[in-house]
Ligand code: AHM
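Let's start with one chain on its own, the form predicted alone, as structure tokens.
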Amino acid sequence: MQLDEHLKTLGVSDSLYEVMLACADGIFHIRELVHVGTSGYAGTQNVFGEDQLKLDVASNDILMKQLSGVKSVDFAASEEEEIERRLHIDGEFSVAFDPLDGSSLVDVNFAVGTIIGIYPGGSFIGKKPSQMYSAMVAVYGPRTTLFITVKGKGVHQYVLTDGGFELQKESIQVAEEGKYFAPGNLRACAKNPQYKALVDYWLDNQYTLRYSGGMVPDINHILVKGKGIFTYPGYVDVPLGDLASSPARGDSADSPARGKLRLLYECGPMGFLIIEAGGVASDGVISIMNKPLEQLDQRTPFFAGSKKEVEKALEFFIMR
């Protein structure tokens, strides 16, 4: 079954259907860029002060163009742009995206991806990930695959074939336990003894390391295998409760207290997928779905995957 047919069987509304297919078309074109496009730096920086690759800029342009053609899209926000764009007045949906997550891995030929969250119309400020209607995550690897979730409709995986995105696996579930670990931000162990103790626990208990350096392929592994944990705490030894309750301001570029992952562009949509598959996603204190967005570039610690694995991991940060 093709993506468009499957969305109909899921009971997706006509307006949301149009937005999701526009995003899928954008993903198809980004996939072509990743596979045959020119790498190298564009000579510009994004709002976070990170050097932009040519692929970052081109991928962003593709998705913005796709969404501009859908009149039900109100605002669009990209990790590559400083402000949210008003595409149409009073549109039913607003769409946030990271057009090419992990783009620095392209030159070494690792898998990268696209992350998309579809919200009710209006500005993103003040919204929570729990308000999302849908999340979509593409993985550009040896094959191009796509995960989608629509609230209450499960998580489903598609693979790109000559005929388009074809349903590969329906109603994906994440088990409560699973001894796979993907430890993002390992450099934090030098300043954060709680994280070092957690990593030692995984090693001592013979967990299997599955870490690529990219959030998309690491979350992809959890969804495909149906178990495991992904973590990305901050760099410093600060109680997670203090980080969760304060605005995401004042971090240094090299050692952000909340890590480098953004709530709007990365953790919200990824958390939505994991939770809809039966797992959990947390900032260390509350569900990532209940975390209000105070600014577009807001960072957050992130713990996601199998329920018992996340609970065990957070014990290391709670026991101080």
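Not measured: the values here are computed from a predicted model. The first residue of the sequence shown is number 1, and the count goes up from there.
Not on display, but discussed next: the form predicted in complex with the named molecule.
Contact between Tyr232 and the named molecule in the model of the complex is found at the 4.5 Å heavy atom cutoff.
Contact annotation: Arg31 falls outside 4.5 Å of the named molecule in the model of the complex, judged by heavy atom distances.
Using a 4.5 Å cutoff between non-hydrogen atoms, Leu223 does not count as a contact of the named molecule in the model of the complex.
The closest non-hydrogen atom of Arg187 lies within 4.5 Å of the named molecule in the model of the complex. The three marked residues, Glu276, Val280 and Lys307, fail to reach the named molecule in the model of the complex, with no heavy atom of any inside 4.5 Å. The partner is absent here, but in the model of the complex a heavy atom of Met215, alone among Met215, Val139, Val95, Ala135, sits within 4.5 Å of the named molecule. None of Thr144, Gln157, Ser103, Ser72 but one reaches within 4.5 angstroms of the named molecule in the model of the complex through a heavy atom, and that residue is Ser103. Annotated contact segment (heavy atom within 4.5 Å of the named molecule in the model of the complex): 205-213, selected among 205-213, 157-165, 190-198, 126-134.
Using a 4.5 Å cut-off on any heavy atom, the residues of 257-274 that reach the named molecule in the model of the complex are, in sequence order, Lys260, Leu261, Arg262, Glu266.
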